[in-house]
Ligand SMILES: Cc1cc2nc3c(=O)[nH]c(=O)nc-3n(C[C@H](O)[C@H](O)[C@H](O)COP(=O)(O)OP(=O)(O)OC[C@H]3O[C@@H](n4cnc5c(N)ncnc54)[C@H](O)[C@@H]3O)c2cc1C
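Quick setup: one chain, the form predicted alone, written in structure tokens, and binding and motion questions come after.
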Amino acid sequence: MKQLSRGAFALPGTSLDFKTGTWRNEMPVHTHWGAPCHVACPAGEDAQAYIAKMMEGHPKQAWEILVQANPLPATTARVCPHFCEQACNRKHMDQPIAIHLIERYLGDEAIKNNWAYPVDVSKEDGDPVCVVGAGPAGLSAAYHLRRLGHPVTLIDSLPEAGGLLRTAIPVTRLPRDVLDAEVGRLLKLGIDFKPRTALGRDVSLEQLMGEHAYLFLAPGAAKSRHWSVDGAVPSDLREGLGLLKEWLVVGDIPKPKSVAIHGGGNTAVDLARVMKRAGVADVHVITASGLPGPDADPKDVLNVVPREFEQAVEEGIVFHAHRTIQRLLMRGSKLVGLEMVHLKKLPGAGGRSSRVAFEGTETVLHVEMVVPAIGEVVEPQGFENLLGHADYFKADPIGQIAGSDRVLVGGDARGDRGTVTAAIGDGRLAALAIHAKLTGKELPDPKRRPFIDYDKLNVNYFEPAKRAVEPMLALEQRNDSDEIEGGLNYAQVTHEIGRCFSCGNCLACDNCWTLCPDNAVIKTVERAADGSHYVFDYEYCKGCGLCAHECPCGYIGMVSD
């Protein structure tokens, strides 16, 4: 039996014999949760991980972590709706981390400093793969396949790579020098890019199948959906994506006195802003969706970046939310107005909600032109046998097309994506799946990992701080050629990364080490097996749980012993 002194403290040398770990019925463990920003990113970016590297003062290493998932961060930072920020736990304290501005800083720095992608371009020991379509999904797949050592042939019918990033997004949102730089650097990784090569015209699916071990299809959705109102269409009808593409190529756009654009995505909002700047006095957007706002249901709002919606309103665009067009008012074949009706989402018989028009809510809008921007479907040329009569390819979660063992698909051609980041995520997942199939490895799991909630964090260790705001051109300075939004400098980025809660991962704050009453947390110089710099000495840990309670990040949890 060990003895204590009369003052109840251990005699010299005896404290090591008091194995207080035997008192324990719960024990602390490190659990690396998914951060909400990571789980929410369709591209698979781990923002928490690259922000942590930025905190250590290593921006190049942070960018290398970023491009492990997304090879086009300077691009996506500018055009993505930022699902990461919508999920950020910081929003419960004040405002989400401006992750897109950190991503943009890293992407722009990589271009400016010509940081090399972490890819061994000499490695080509894998089987050859062909990627059809050089938009975001195709570029992502080609990049990740090259990382894995596969020779890649990338074909596209257009003369330049980029897909809709190049042909449909205004330069005011995505400057072409940024896109050119990022795509150009990516194509130099040993990707055999063949422009002006159209499937069904210059090459057949069977030919590509014969020359490659696998195909990844990323043709996008470039054929406009059929649009009419009870069979009626104006004789001079133009569809939204076609108008936007034409404006980007030739710089010309129709200029009626008033226009109604029917749709709720980026094409509708981009076109509305272009037409407004071109001099169209009254520009309306009619959408079945709701508008962004504090109380809006995220599943029911416009599929655009909220701040771009705010810019559009600032520029004079009028939005008609939860509306559709019920009737066209024609004088002969010429449009003179339209009748809108209010929509309400109601549960259907099968449990799925649908939008229903409410009688008695009709209103008339006098406009000279209506432009549908209700989405696009796959152009079937070259894919007829795979597509059948469907608008989109049917595929499993990793992109495998049913009945086609060596063909995967991703991006807008799936019909259930709709963002650049989702397309990039598809390309990455498909590349991993192709590599796994060719090497006999386990297929990637597309399921989202669990993430940590706000109530599992100890936010008492964080101070409220205002979110960084990007500089923006004033309304009178905006034109058709200059980027409207700017980026942050290093000092501003440093401030912003300091707002990160490091959800679910060790912040190396030393709380557990300094506060443990038994000195049962040992700090290590080298990283421990779980990636942190701390290990528990369970012989002396009595399971009080103080370390878990005082962990700001939720990285320490208590489990039954």
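Please read all numbers here as calculations on a predicted model, not as lab measurements. Position 1 is the first residue in the sequence shown; the rest follow in order.
Heads up, the form predicted together with the named molecule isn't pictured, but that's what we're talking about next.
Of the heavy atoms in residue 173, some are within 4.5 Å of the named molecule in the predicted complex. Contact check for residue 353: every heavy atom lies farther than 4.5 Å from the named molecule in the predicted complex. Contact check for residue 287: every heavy atom lies farther than 4.5 Å from the named molecule in the predicted complex. In the predicted complex, the named molecule sits within 4.5 Å of a heavy atom of residue 169. Figure note: of the listed segments 275-283, 253-261, 129-137, 474-482, the one touching the named molecule in the predicted complex, with heavy atoms no more than 4.5 Å away, is 129-137. Proximity to the named molecule in the predicted complex, taken as a non-hydrogen atom within 4.5 angstroms, holds for one residue of 371, 152, 302, 244, which is 244. With the partner omitted from this view, the residue of 486, 190, 418, 446 that lies near the named molecule in the predicted complex is 418 [heavy atom within 4.5 Å].
For the stretch 91-115, the set of residues having any non-hydrogen atom within 4.5 angstroms of the named molecule in the predicted complex is empty.
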